[in-house]
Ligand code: HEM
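First comes one chain, alone, set out as structure tokens in the form predicted on its own.
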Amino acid sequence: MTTAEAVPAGVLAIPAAYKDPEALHAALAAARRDDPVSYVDVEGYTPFWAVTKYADIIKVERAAKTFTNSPRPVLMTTEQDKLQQQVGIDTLIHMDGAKHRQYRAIGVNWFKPSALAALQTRVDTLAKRFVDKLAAAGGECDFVQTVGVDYPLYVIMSLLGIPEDDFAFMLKLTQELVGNDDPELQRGTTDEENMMAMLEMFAYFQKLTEDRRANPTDDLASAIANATVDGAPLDDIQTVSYYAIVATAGHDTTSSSITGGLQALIEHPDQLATLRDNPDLMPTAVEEMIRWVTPVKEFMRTAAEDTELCGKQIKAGDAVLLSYASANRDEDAFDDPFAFDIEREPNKHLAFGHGLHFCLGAPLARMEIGAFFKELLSRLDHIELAGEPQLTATTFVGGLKHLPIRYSLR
């Protein structure tokens, strides 16, 4: 065992490292160059292999039988791992093989083009509503707190069918769940306190399940509550786990992409001007924002058998971390990866993962981001930073928690 700083990839086990992207990416560039599959053994964590090259991550993602999501799909401390196992969380990202296919099928139709086309009007309406809110803020605000956290929350909660009166409560819980490494966002200072956010979310969704089974509606919550697998309804843990992954993944990742995307446009005024003058570039701009931010920093896999990767012997049972933050800056995968280029093509980033576990909600995220920036840029005269942006401390999902801006809208 050593300190996290002893090997470049050790930064992946330091939540605060993600608050300093320049230092983080310097360390990850060194890992890609010198030890692209690094063994990380630091206090508080189960030792893991850190995979930092794009091509190697693709290999792991494609070898789903060799590298499984179960039992630990996300990097956590040893104590956090134990607590989650006690609760029995069983989301899509915990599943493999036929089970994953069956449970993914429950929600897949809700994110197909035909379903999203019906949602487009609602998303456009919400985009206008939140740009109006920005205009009403008087020309200066913290964009994250004023717009960034609420807009995608309203979209995903509307899809689920959650009443608007409960949105603030759900925002608090989702931020506490993904922000449990950040002193400003976490529920408390102990793992047990932070676990309470998940238990409260589970209790909320258990009541929602009971309601939707008694009174079915035409929303995603009802589809989940009344779903069957092999002829049997989902049990309580499976049902609330499904709600939880939709609510958290559908909110915080998109929020981070929008807020980080705006910061990138402000800091690259030539790109902002190009996009404002050429709104037809929005699809490629959205992909570049997502690559640039990479809100999901990593996922974990576990070796199901002895194998080899990049010359390293990986034993059955070994934990393997897939660093999407590193892959999306890989010099061998992207031309000039440290340039923010809204016209980048091709842009086969890994922010949504790859293969069987490719993000179910990716089409909705793209729609939300595009709709928001289309509305904003059509009304924007000027925008600049009004203070220092602040990132969350995390090892999993994260982005900006504060983005002070000064602007004028028409």
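A quick note: this is a predicted structure, and the numbers were derived from the prediction, not measured. Quick note: we count residues from 1 along the sequence shown, nothing fancier.
The protein also exists as the form predicted together with protoporphyrin IX containing FE; that form is not presented, and the subsequent description refers to it.
**Request:** Using a 4.5 Å heavy atom cut-off, state whether His100 contacts protoporphyrin IX containing FE in the model of the complex.
**Result:** Yes, His100 lies within 4.5 Å of protoporphyrin IX containing FE in the model of the complex.
**Asked** Would His357 count as a contact of protoporphyrin IX containing FE in the model of the complex, using a 4.5 angstroms cut-off between non-hydrogen atoms?
**Response** Because a heavy atom of His357 falls inside 4.5 Å of protoporphyrin IX containing FE in the model of the complex, the answer is yes.
**Non-hydrogen atom contact Arg104 with protoporphyrin IX containing FE in the model of the complex at 4.5 angstroms** = So Arg104 counts as contacting protoporphyrin IX containing FE.
**Message:** Please tell me whether any heavy atom belonging to Phe299 falls inside 4.5 Å of a heavy atom of protoporphyrin IX containing FE, as the geometry stands in the model of the complex.
**Reply:** Close contact exists here: in the model of the complex, Phe299 approaches protoporphyrin IX containing FE to within 4.5 Å, heavy atoms only.
**Request:** Counting non-hydrogen atoms within 4.5 angstroms of protoporphyrin IX containing FE in the model of the complex, say which of Val37, Val40, Leu28, Leu364 makes the cut.
**Result:** Among Val37, Val40, Leu28, Leu364, a heavy atom within 4.5 Å of protoporphyrin IX containing FE in the model of the complex occurs only for Leu364.
**Prompt:** From the list Leu272, Val123, Leu208, Ile245, which entry has a heavy atom within 4.5 Å of protoporphyrin IX containing FE in the model of the complex?
**Reply:** It is Ile245 that has a heavy atom within 4.5 Å of the partner.
**Request:** Decide yes or no: are Glu61, Ile93 and Gly353 jointly within 4.5 Å of protoporphyrin IX containing FE in the model of the complex, with each residue judged by its heavy atoms?
**Result:** Result yes, every residue of the spot touches protoporphyrin IX containing FE.
**Prompt:** Pick from 252-260, 138-146, 162-170, 229-237: which stretch has non-hydrogen atoms within 4.5 Å of protoporphyrin IX containing FE in the model of the complex?
**Reply:** Heavy-atom contact with the partner occurs in 252-260.
**Message:** If you apply a 4.5 angstroms heavy atom cut-off, which residues in 127-165 are near protoporphyrin IX containing FE in the model of the complex?
**Reply:** Just Ile156.
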